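A lone chain, given as structure tokens: the form predicted on its own.
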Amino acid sequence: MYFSRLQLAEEMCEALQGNNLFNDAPNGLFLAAPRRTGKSTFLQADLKPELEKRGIVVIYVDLWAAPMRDPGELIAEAIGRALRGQLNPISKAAKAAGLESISIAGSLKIDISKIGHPDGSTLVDALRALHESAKAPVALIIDEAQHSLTSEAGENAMTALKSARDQLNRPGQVNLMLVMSGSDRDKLLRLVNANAAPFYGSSIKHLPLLGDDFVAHLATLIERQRPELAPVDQPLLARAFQTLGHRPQFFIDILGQALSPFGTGAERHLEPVLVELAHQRLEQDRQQMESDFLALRPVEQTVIWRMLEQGARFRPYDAEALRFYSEKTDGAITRAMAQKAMEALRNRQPSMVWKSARGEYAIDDAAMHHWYAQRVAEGTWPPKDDRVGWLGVEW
């Protein structure tokens, strides 16, 4: 179910176009939001159409759409598709004439098939060509932008986009707008928070989560479909939605369970049933994390433990880390053994560890940090299997 957030999209467009004072959005808008909270839907269904309504050429690319592809290639291909669409009549004529490239504004030659390649046009050239041919500003929306840091080509693409922004934009004139979103704020920060970061100096904004207006919308739909349940207790609905971490898909799922004609009849007391189902779903997520953790080998478990404990300070193979692994497994863990464990964690499906092109490591699913912090607070860390020791070693 789609819920429009037009006002938020309008506000972001105003900021991107430089119409709001004391706002850095024209230099790049970096948005963080947890997974499954409606981020991608908002970018595609609200922000993109609003930008297009303002006469802006919009390119959208999701770097998780093809996780096995190099993110640098995905970005270059998205720009190439947009340029090809803009120049379609010209490119068709060029292809019919056997030409490898086409000229923009009489001077700049672009081979669309080689954009971003060493022997092809740069991303800067391609974006300038797109802007000049469209005679309009260009907005590039990159979803899950932190994935760009997992390859050298992806890093180079980000550096090129920063260069393109600097070359195409002028004071009071924004010709290239960049929107970078990510489901993991800590990873997204790597694009902005170090001297060598492509967008050093920019800041991360939290994309507002769906809230009371979304809950009110759902309450209206419920009352329209099931008049006998009116009036719906919106505060209780909001509590269930908050329990699920403001994730609309999960909330719609439990709402369907509660309203199902094949249910237990508890729909007569819809709101408390939703709260109960929300807690059950949350507990299922926690149990799944625990099950995934307990399925790991002892050294792999200690690596995950160290990563959760250290966060951004994590160094996988220094002396302190190797000492930690050895103490927790009650054995001598060498660098080679730790490296093997790390590769196993990265190669799992789905992967449990994220690695940047610079050799930085992080937990892939940011939700694990909340799970870990909660268990530590409860005094139930590390997880234990009743049949075996905490590291999978039989008693």
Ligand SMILES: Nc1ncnc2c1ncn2[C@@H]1O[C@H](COP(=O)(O)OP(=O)(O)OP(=O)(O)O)[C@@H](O)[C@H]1O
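Start at 1 with the first residue shown and count on from there. Note that the coordinates shown come from a computational prediction; the quantities given were computed from them, not determined experimentally.
FYI, the form predicted together with this ligand isn't displayed, but the following is about it.
Partner contacts here mean any heavy atom within 4.5 Å of this ligand in the model of the complex, and among 364-372, 30-38, 347-355, 333-341 they occur only in 30-38. For Gly80, no non-hydrogen atom is located within 4.5 Å of this ligand in the model of the complex, even though that partner is not displayed. For the chain shown alone, Leu6 is not a contact residue for this ligand in the model of the complex, no non-hydrogen atom being within 4.5 angstroms. Mapping the unseen interface onto this chain, Gln249 counts among the residues with a heavy atom inside 4.5 Å of this ligand in the model of the complex. In the model of the complex, Leu176 stays away from this ligand, with no heavy atom inside 4.5 Å. The single contact residue among Leu188, Leu210, Leu277, Leu244, judged by any heavy atom lying within 4.5 Å of this ligand in the model of the complex, is Leu210. Checking Glu144, Glu300, Glu155, Glu271 against this ligand in the model of the complex, a heavy atom within 4.5 Å turns up for just one residue: Glu144. Residues from 1-16 that approach this ligand in the model of the complex with a non-hydrogen atom closer than or equal to 4.5 Å are Met1, Tyr2, Phe3, in the order they occur in the chain.
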